[in-house]
Ligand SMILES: Cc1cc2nc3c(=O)[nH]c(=O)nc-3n(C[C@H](O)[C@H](O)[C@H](O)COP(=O)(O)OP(=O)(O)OC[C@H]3O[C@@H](n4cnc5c(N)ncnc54)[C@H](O)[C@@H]3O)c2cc1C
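Below you will find one chain, with nothing else, as structure tokens; this is the form predicted alone, and questions on how it binds or moves follow later.
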Amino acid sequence: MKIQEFYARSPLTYSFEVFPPKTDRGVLKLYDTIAELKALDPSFISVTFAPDRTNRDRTFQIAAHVKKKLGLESMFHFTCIGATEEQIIQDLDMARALDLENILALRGDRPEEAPSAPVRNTFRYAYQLVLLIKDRYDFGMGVAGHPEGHIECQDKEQDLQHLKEKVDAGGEFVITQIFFDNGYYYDFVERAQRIGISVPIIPGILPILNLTQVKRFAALAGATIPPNLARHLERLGDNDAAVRKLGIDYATQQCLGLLEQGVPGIHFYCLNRSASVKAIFKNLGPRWFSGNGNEEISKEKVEVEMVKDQVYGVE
């Protein structure tokens, strides 16, 4: 089933993102995790793709397993940077042969050793990949959006025009990078609609697991960690259990704020773990979540009131 159909027919869609582990044992463990997440009744699972294409086979393998063995719709990520058009077509033919139906079309990050160096024999921009896919295939197609602007583009309005190019080329929905202040998302959607982007824009939420992780992800995504949240994370430091609890509560409040504003769905960056997401769904309660997961999860809170002002934008 095409993912845009979920957004068209349902007022609220949940989805989860995972990444391919490096080992076969890790893949089997991931399958167990996805089976646990299935109890939360997501519409689809998305599987990431390395820009250097080293995990291509595992990305396709996991996406196919989710669809055929677990009975969930899947979406594979796909990047164009560092590959020739022939390689791209060969890879997409392989995905189609596996009966995969949905793709998140991305440019991909430049190689870390030379982030500003030109990359030969490849498309320069994601919209070019979208055009190729639209011309040759029948995949349901999503694209990425950046609420705080892409880290390589200092002009937010220009970055938004790049998003419009991707949508105009055939992108049917947008999944955003992570953000920790809902205000960035609301502003992003408003500006996008103002320039004629009318497809669903799905907020991407990252449940914080530890301090090192959130700093790294925020830097990669160009996401701002609100000062109040940053102070409490620093105070908790290496106490990963406490940070996880704070992360659950913070993400819960983010989700509640977004849901109250009528977002079309929420996309969770799970990092191949289920516990935090299950706790968030438990916190959301039956008003927002009607899945069949029934595992009892602790309601212990970690100073959630301290961070509500950052989530809701309250002075």
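Numbers follow the displayed sequence, beginning with 1. In this text, all values refer to a predicted model and were calculated from it rather than measured experimentally.
Keep in mind that the form predicted in complex with the named molecule is not shown, yet the notes after this line are about it.
Contact annotation: the named molecule lies within 4.5 Å of heavy atoms from the stretch 46-54 in the predicted bound form, the single such stretch among 32-40, 274-282, 246-254, 46-54. In the predicted bound form, none of the heavy atoms of E148 sits within 4.5 Å of a heavy atom of the named molecule. Proximity of D187 to the named molecule in the predicted bound form falls outside the 4.5 Å heavy atom cutoff. Under a 4.5 angstroms non-hydrogen atom cutoff, the named molecule in the predicted bound form lacks D181 among its neighbouring residues. Residue contact check for N210: none of its heavy atoms lie within 4.5 Å of the named molecule in the predicted bound form. In summary, among the residues L229, L132, L106, L236, the only one with a non-hydrogen atom within 4.5 Å of the named molecule in the predicted bound form is L106. This chain lacks the partner; the member of D91, E101, D159, E172 within 4.5 angstroms of the named molecule in the predicted bound form by a non-hydrogen atom is D159. Contact annotation for 165-199: residues with any non-hydrogen atom within 4.5 angstroms of the named molecule in the predicted bound form are E165, K166, I175, T176, Q177, listed in sequence order.
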